[in-house]
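Have a look below at one chain only, the form predicted on its own, in structure tokens format.
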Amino acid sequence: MERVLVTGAASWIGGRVVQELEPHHEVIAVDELEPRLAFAARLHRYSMDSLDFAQFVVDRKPTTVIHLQTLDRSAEIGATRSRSGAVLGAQALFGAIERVGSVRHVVVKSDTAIYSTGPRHASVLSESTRIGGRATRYERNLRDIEVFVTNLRPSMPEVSFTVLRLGPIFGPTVGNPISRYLTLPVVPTLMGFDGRMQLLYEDDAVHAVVFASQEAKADGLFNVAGDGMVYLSRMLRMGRRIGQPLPAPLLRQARRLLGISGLQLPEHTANLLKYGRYVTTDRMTRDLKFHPAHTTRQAIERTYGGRT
């Protein structure tokens, strides 16, 4: 039986992945926060940027590692702590993987946010697109983590590393900022902008991680997103939501008020709604051999059909 270490197990996607794996594998779930979803496996409470965590990984000798603690947790634990946990935690994890000797496959959850977004960005982004330019704190975290993987690969040729750049996860239960924001009855948007939205349905995000860890075990970097794209204004009409275009000062004020009520929109997500993003998924289907069950349009329909 495989021993699968899952970091970030307290997150929504972490909980879903643990639930999928635990009937058939020994799952070692790790996180420092309270879990959002219930699962049978024991949750080991460690801060990843600690020596205790690194030693725990060495002692447990996992055969597969699924690193999901790459999320933007600034709203939960603060921006500084979130960056420290993500970047230093990844260093500790990868350092332990080098020492443990039992690991044969590593899956890292990245995000298409790593490309950033803006008026001068390419209209279509692939895994070979040069990444540079101004980046938000979260986008810098992702870039640093992927650099760690790149640097680790040559010293561990016996280990396959699968990096999944997941598109924005959208769904009725995920509860992430973009899903909560775009399912408001009235959605404040920036006047004069209409971003192109390419989404990944919540179930497909979970299945992509599980598939990559258990079925494909393909080495490399993969964009993972649903087929097609929908402009933000059209998306809101599909969901019977009212899009309220506002000038920038009023939009900032509206989002500050939403933040006070508990719905904080991270900078990288706000930029996405402004400029949009579209990525190619040829490598996902050709090399990873993963096919999301839902297109972007179907993800929108399923999400709005599940929430009112």
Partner chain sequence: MDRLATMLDALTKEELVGLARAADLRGRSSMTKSQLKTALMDHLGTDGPSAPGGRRDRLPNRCRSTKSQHPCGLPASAGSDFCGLHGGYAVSDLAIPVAGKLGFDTWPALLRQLALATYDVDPLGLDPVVADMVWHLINFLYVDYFRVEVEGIEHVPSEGAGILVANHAGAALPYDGVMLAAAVANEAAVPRRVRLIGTEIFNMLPFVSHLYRKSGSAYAARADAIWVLEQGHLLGVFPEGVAGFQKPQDQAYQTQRFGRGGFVDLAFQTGAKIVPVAIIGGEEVHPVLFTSKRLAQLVRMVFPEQRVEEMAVWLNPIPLPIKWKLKFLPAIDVSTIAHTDRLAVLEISESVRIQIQYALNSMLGERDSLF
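Just so it is clear, the model here is predicted, and its values are computed rather than measured. Residue numbers count along the first chain shown, from 1.
There is also a form predicted in complex with its partner chain; it is not shown, and the following applies to it.
**Q** Which residue, R140, R180, R73, H121, has a heavy atom that falls within 4.5 Å of its partner chain in the predicted bound form?
**A** None of the other options qualify; the answer is H121.
**Q** Given that its partner chain is left out here, which of G175, G228, G101, G95 has a heavy atom within 4.5 Å of it in the predicted bound form?
**A** The residue in contact is G228.
**Q** Of 121 to 129, 148 to 156, 105 to 113, 208 to 216, which is the one stretch near its partner chain in the predicted bound form, taking non-hydrogen atoms within 4.5 angstroms as near?
**A** Of the options, only 121 to 129 has residues within 4.5 Å of the partner.
**Q** With a 4.5 Å heavy atom cut-off, would you call R196 a contact of its partner chain in the predicted bound form?
**A** Taking the distances in the predicted bound form, the answer for R196 is yes, it comes within 4.5 Å of its partner chain.
**Q** Using heavy atoms and a 4.5 Å limit, would one call R297 a contact residue for its partner chain in the predicted bound form?
**A** Output for R297 is yes: heavy atoms within 4.5 Å of its partner chain.
**Q** Using 4.5 Å between non-hydrogen atoms, is R234 touching its partner chain in the predicted bound form?
**A** Output for R234 is yes: heavy atoms within 4.5 Å of its partner chain.
**Q** Counting only non-hydrogen atoms and a 4.5 angstroms cut-off, does F53 reach its partner chain in the predicted bound form?
**A** No, F53 stays farther than 4.5 Å from its partner chain in the predicted bound form.
**Q** What are the residues of 264 to 280, in order along the chain, with a heavy atom within 4.5 Å of its partner chain in the predicted bound form?
**A** Result: Y275, Y278.
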